[in-house]
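What follows is one chain in structure tokens, specifically the form predicted on its own.
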């Protein structure tokens, strides 16, 4: 994808997120098309109600043909699919990515994943993963086997 199309797509997404943000999601930093930060609020009536988290999106020039790298920074939610280093085990970020997806849809997927959680606990392999993981979660060979949380 050419750099002009990459820029046009992200410009459109940014304008849409600023004019019509989803409930509980706000762009806090988007000075470049390399990296954006957004806050995501826990939904009322869920385990994460009243909590605020920060997501960092890193884009390659191949976006949207290639998924962005998405990680939690700062206050990282305790969740069975979120590692304490901020890496997120969510299929739409990896093998189920499609160019029709967007920053908005990824944020809503993560918000939905948090909302459906019934028990705040880290992934069972958290300690091992964090010790051995590469800096980018996109370098991980993820195994998607649990859609219940």
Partner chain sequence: MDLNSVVYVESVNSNLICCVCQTPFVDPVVIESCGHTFCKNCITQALLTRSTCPVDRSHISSVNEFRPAAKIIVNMVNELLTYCPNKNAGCTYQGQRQLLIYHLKEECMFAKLACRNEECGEMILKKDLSKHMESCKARMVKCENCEAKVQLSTLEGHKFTCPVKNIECPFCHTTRIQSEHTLHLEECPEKPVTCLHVEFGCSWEGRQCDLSDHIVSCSYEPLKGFFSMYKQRNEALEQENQQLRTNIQELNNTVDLLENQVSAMSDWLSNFTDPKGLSSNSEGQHLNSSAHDILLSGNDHIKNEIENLNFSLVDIDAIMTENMRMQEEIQSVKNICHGLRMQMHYLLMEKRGGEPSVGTTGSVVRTGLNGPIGIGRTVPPNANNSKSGHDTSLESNMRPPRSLGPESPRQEKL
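Keep in mind the model is a prediction, meaning the values are calculated, not measured. Numbering follows the first chain given and starts at 1.
The next section is about a form of this same protein that is not shown, the form predicted in complex with its partner chain.
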Checklist entry - Taking heavy atoms and a 4.5 Å cut-off, does residue 109 contact its partner chain in the predicted complex? => result no
Item to check | Partner proximity in the predicted complex: residue 97 to its partner chain, non-hydrogen atom cutoff 4.5 Å | outcome: yes
Next on the checklist: Would you classify residue 47 as touching its partner chain in the predicted complex, given a 4.5 Å non-hydrogen atom cut-off?
Outcome noted: no
Item to check | Contact test in the predicted complex: residue 56 vs its partner chain, heavy atoms, 4.5 Å | outcome: no
Checklist entry - Non-hydrogen atoms within 4.5 angstroms of its partner chain in the predicted complex: do 4, 9 and 65 all have one? => result yes
Checklist entry - Can you pick the stretch from 24-32, 99-107, 118-126, 80-88 whose heavy atoms fall within 4.5 Å of its partner chain in the predicted complex? => result 99-107
